[in-house]
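Just so you know, structure 1 and structure 2 below are the same protein chain in two forms, each on its own as structure tokens.
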Structure 1
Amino acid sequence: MKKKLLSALLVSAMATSAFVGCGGAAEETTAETGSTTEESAEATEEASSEDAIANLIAATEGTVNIELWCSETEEYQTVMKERCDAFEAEYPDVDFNITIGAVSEADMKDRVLEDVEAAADVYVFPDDQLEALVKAGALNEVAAQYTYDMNETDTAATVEAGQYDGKQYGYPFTASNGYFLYYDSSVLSEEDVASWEALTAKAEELGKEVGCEVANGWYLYGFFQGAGCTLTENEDQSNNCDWNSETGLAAAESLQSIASSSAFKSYGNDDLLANLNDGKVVAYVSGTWNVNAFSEAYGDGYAATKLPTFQVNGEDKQMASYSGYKFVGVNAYAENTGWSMLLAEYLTNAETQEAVYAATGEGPSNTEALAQASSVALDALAAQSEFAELQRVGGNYWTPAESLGKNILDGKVSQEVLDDAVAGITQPVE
């Protein structure tokens, strides 16, 4: 009931503010009363969240145990430890015992779902795992916020990406998990990296390598989406996909001819890093997780830009991409939901995001922190963001897409292969 009261207050506050906006100068008296109501409502809301924290502190007995899982890299572990200590200092009356576990973000879903009840109370995960985590009931809904309001402080796209079925599940953490093109500007010009055709031609001439991991649904999507095909998810988690249309076939053939260049490679991350260090790779589609590797390998020539275009039916099409975000989530089975939520808020506020940016180079989702962050990679990501889409795709997409990518690399594109791939991608979910 109290939850309803709070939401009723929120709704009334929003309604009056909307009324204020519409009212204008003609009805000054109403507008004035309106704004006073709004102020009082805001005051109530602030007071209520302060009350809530006070209530929580009063209701807390003994030690509060919170387990936090985040990336295993040293940078992450250090910065998260610092921020957790700062969080403990914020509430001196409470005795905390915050432990930090090292779990690679790519494995987060698997590790959490092994045993939801035993998993960490608070964990960092990439947006593509949101759906699976929500479906398994592993995420606590962000029903209310106490120390900041993400709708005001964070970019709308990130907040939206943390939602599922209209409910907020993730606390926005970083907004730089998408992909773009790294290149070595000492050998490649801006014209060279504008299109895949020019890029592969130049690389062949140089005897070097360029590429994109085509045998991976995450990247493959960019080509088909860019060509004008669609891939969307239905409510029952099955997919809609028209990649076997005429456009899809043209896109696949175009990609096949690009990939047939001897300079074009589809490396997985390990192979990419090995060949990058050997100095063979001069341009590659990747993301902020490889910032250090690329900037070291290219030195003064280190540059990044939006993804190249490619030709479909004689027309230049801009390659699209998935935008990627990271969230902090609270386990639905957390031992202490209240404190876990407060910690999650603390780990996603402007200050923490700045600290994380400074430590790892990952772009903040907080608008304030974002304004101060600038790097080659983040600028490239921003340039690509216009063509980037939120990743919402059912689980049956990945294996058929990976196989389709492999077929394209092997030069086996045909209408039949595309038909089978689409049949697999769109297969019904029981």
Structure 2
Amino acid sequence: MKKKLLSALLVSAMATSAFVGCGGAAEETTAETGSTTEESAEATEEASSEDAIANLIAATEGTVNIELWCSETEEYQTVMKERCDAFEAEYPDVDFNITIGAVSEADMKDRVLEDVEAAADVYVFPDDQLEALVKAGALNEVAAQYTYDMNETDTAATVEAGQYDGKQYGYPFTASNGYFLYYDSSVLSEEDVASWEALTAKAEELGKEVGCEVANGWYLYGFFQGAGCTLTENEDQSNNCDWNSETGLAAAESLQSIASSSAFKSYGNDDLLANLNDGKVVAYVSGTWNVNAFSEAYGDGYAATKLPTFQVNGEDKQMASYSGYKFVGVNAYAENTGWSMLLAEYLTNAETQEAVYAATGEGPSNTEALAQASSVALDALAAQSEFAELQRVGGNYWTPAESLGKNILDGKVSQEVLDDAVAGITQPVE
């Protein structure tokens, strides 16, 4: 059991002088107008935040232990270590012991909920995990900030996605958690990558591979949504789904036809990277987390674009996608809540987001950092954003969707298969 009581005292020490940092003091000036008043309010806020941090430093005794969990990739581990070292240097009077664990962001919720009290003090997670983490009591509310105000520095959409029931729980970190199509422009033209039908035909001609991880609900959604089907989440985290409709059957048959091409592959990430490095894969659906792998593999031919269209009942349909954001959260059972909150702020400020972009290619949510970022992958993500939706789906979706994807790949599409999949996706939450 971690020392939640001590953490609460530290938070109280911060809150006493600030109530707080960025935002609270401004309300006291609403009856006044003019630049002098605004400047005074800003100065008061800054002083209050500095006082809160000074109080925390004064109240700190012994070593401050903080455990951070973030992506297992080498790029992430390296850049987060550099930023944690910089954080420690920011407060030379405090003895820190910050350790970094490698946990896939896709698995973060499950790892945290295995034992919330034993989980990391600070962790990086995607926005679709927010609700479950909040309901499990695994996130500390961000009731105040001390070094920046996310409402002024980050995109409004990202800030909003970090909220639940009107309260902020996530510190905005990245705004590029979506997918699009990478391709090698030295062998594929813009016309080749415009549709799945053209893409698979060209890949067959070249004797190369293209594809998308169909046996994964995150990507499978794009075909059914693009065809005009619906998948939504209810308040009790159950789902509504009409993929067994006439349109759904047509979409599944279309995808089955695409996947029947000898050039089409449905690789998981590890298999994708292995075949990419072998020169077999010339186009694949993925995200910014693989930007370095694709740019190195394709060299001068490195390119990316929105997802291809596909034909349903003779009409071209634009493949849709999920979009999303990543956040840094503080565990409600953090051993040192005050310092964990300050570390979370540091790992999400403009300077860190610029460093993460440079290391990983992931797009910043901080508007200042975003203005500095420009890349083929981010341009492709922006082009796909018109056809993307925030991922909001209940937990009963994933396993039936994976099974449906496997059936499609195996050429087993039928009304019965779709009915079974929808029955699983929409089953009540126990």
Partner chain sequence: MKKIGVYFKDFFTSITKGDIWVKLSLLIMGAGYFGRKQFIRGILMTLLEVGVLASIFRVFAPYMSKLSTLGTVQREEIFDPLTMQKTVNDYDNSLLILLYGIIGILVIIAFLALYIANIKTVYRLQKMQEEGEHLSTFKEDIVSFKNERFHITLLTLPSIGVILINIIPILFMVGIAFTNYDENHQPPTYLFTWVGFKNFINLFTTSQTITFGYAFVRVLVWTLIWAVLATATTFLGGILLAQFINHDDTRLKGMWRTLFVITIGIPQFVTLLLISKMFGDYGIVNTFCENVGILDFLKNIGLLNAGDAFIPFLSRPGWAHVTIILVNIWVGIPYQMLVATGILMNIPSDQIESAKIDGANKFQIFWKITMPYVMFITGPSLIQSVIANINNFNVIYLLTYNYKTTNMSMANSHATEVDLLITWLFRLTNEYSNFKMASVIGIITFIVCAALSLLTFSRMIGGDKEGVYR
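On a predicted model such as this, the values are computed, not experimentally measured, just so you know. So that the term is clear: the rigid core is the largest set of C-alpha atoms that superpose within 1.5 Å between two forms. Residues are numbered by position in structure 1's sequence, first residue being 1.
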1 or 2: which is the form predicted alone? 2
Rigid-body rotation between the two structures - hinge position, chosen from 73, 237, 216, 177: 177
Which angle, in degrees, describes the smaller rigid part turning against the larger between the two structures? 16
To one decimal place, what C-alpha displacement in Å is found for residue 92 between the two structures with the rigid core superposed? 8.1
What is the Cα shift of residue 335 between the two structures once the core is superposed, in angstrom? 4.7
